[in-house]
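A single chain, nothing else alongside it, follows as structure tokens in the form predicted on its own.
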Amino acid sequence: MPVKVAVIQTNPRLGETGENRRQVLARFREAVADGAQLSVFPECAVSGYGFSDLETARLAAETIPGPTVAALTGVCAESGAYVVIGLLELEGEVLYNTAVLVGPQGMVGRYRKAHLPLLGVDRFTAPGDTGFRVWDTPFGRVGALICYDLRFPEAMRALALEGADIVALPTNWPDGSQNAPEFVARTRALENRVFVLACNRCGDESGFWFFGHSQITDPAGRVLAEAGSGDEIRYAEIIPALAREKRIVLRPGEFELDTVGDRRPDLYGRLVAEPAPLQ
């Protein structure tokens, strides 16, 4: 059954959490009114990203659940919709770059960014400890990654092995990262046979330009919808069950491919081995 999904490309202002949250709610209501059953916002959509020190970043962080999850839950409860959004999470004194999946009953799941680049607030956040999990929704199984995680094929593969139909990818891709939407997101979708909803931010912040180009990509690596460089919402209709058809049959018995089922884990030990000490 087709499901309408949306990527909501916004331009959050650094540290202006109240105004950013108001904008998020307004844009989410717009997407819901247009029929979106699942919407994805950018990474750090409420806080902004380009913080110069840990203490300033902490001031823009929130507990999870917290005010943003509560506000989004209200919209979800009214509409039956779901949403994934990137937040700065404060747990005690520890700061995480987090994405949450929120639905009509509240927070469905939380993912903390595993791979941290030397960039923006990720210079001060703790490495994620949630692992790669998938959550059931009425329309399919949803997993989440955040931005730089896309560069590590093991992360998306782990979600695929957990049964993800849809992978939500909140991002803050700055200028110089155009190869992520042009090549990497499409490749990850294709090699894992999943839908990828990659939502980038737009605008300028802390000396960086974020180029947008959010995408909705299908399990064949085809782009179903793509944003430009401004504040906008893009939609597509998807059939999540297609992500469960991992085997591609081009000629029955003669030309068949399964990039999940044809793996050779017995040969991949080096991928998880401890690195040898430097001599």
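The numbering used is simple: start at 1 and walk along the sequence shown. Bear in mind the structure is a predicted one, so any value in this text is a computation, not a measurement.
Beyond the structure shown, there is the form predicted in complex with a further copy of the same chain, which is absent from this document and is the topic of what follows.
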a further copy of the same chain contact in the model of the complex: W135, any heavy atom under 4.5 Å: no
Partner contact for C76 in the model of the complex: a further copy of the same chain, 4.5 angstroms, heavy atom: no
4.5 Å heavy atom contact, G50 to a further copy of the same chain in the model of the complex: no
Touches a further copy of the same chain in the model of the complex: A114 (any heavy atom, 4.5 Å): yes
Proximity to a further copy of the same chain in the model of the complex (heavy atom, within 4.5 Å), stretch among 76 to 84, 195 to 203, 98 to 106, 182 to 190: 182 to 190
Residues within 4.5 Å of a further copy of the same chain in the model of the complex, restricted to 75 to 102 and counted by heavy atom: none
